[in-house]
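Taking the form predicted on its own, here's one chain by itself in structure tokens.
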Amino acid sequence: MVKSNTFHHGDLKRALYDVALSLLDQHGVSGVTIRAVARAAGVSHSAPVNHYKDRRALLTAIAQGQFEFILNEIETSLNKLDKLGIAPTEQKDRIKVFANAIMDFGFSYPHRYQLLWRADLIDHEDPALLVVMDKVYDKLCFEIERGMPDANVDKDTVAVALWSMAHGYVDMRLSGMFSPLDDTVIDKPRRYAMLELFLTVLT
């Protein structure tokens, strides 16, 4: 567990965030309370209020940070494809980046992933959070328009369907309902086979 009893001026907010993230990874969202974070950070239970007014504000800040992480992963992957000089016929690879980023994040950080969708704990109308969520969604829609000009539905339908499929699969895996098996026909992990099927059906 992250614990520190001294902070340089201006570092406490970040330290509280890092401690909260560590608690989330270890214990799930139930382990992230203002008192638990303050105790782990080695400060009084009233100290966090100067930076996060309540638990909801702290968890919303964590959600914002995780969407920023996902966005960075997406942009890094897209930049790699740019450097490879992806041909127009391979533009679907850019759309796959988004679903893979969501699934990779969910399987790597299950407690963080589950927190993102908790409307009872997260303020999804928070302006800073909305900005980064919109960036992810708008970037996805842009790639769909560019990579699937002949799709038989609009870009938003494709975006919602792709996100729903990725989210549903992660959720079922994390709940233990699905196992990480391979597709026996194409000999690839089922998550990749699902993406291939999804994009083939739409074009």
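All residue numbers refer to positions in the sequence shown, first residue = 1. Computed from a prediction, not measured in an experiment: that's the story for all the values here. Under this definition, the rigid core comprises the largest set of C-alpha atoms superposing within 1.5 Å between the forms.
Not on display, but discussed next: the form predicted together with another copy of the chain.
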> Between the options 56, 45, 167, 51, which residue brings a heavy atom to within 4.5 Å of another copy of the chain in the predicted bound form?
Replying inline: 167
> Tell me, which of 70, 158, 40, 61 has a heavy atom within 4.5 angstroms of another copy of the chain in the predicted bound form?
Replying inline: 158
> Thinking of 23, 26 and 96 as the candidate spot, does another copy of the chain come within 4.5 Å of a heavy atom on all of them in the predicted bound form?
Replying inline: no
> Would residue 171 count as a contact of another copy of the chain in the predicted bound form, using a 4.5 angstroms cut-off between non-hydrogen atoms?
Replying inline: yes
> Taking heavy atoms only, is residue 133 within 4.5 angstroms of another copy of the chain in the predicted bound form?
Replying inline: yes
>> Contact with another copy of the chain in the predicted bound form for residue 107, defined as at least one heavy atom pair within 4.5 Å: yes or no?
In response: no
> Within a 4.5 Å heavy atom cut-off, is residue 193 in contact with another copy of the chain in the predicted bound form?
Replying inline: yes
>> Where, within 96 to 135, is there a heavy atom within 4.5 Å of another copy of the chain in the predicted bound form? Residue list please.
In response: 117, 118, 119, 120, 124, 133
> 2 Å or more on the CA of residue 186 between the shown form and the other one, with the rigid core superposed, yes or no?
Replying inline: yes
> Considering a change of 3 Å or more, are the Cα atoms of residue 188 and residue 105 closer or farther in the predicted bound form than here?
Replying inline: closer
> Out of closer and farther, which fits the Cα atoms of residue 188 and residue 70 in the predicted bound form compared with this form, where the change is 3 Å or more?
Replying inline: closer
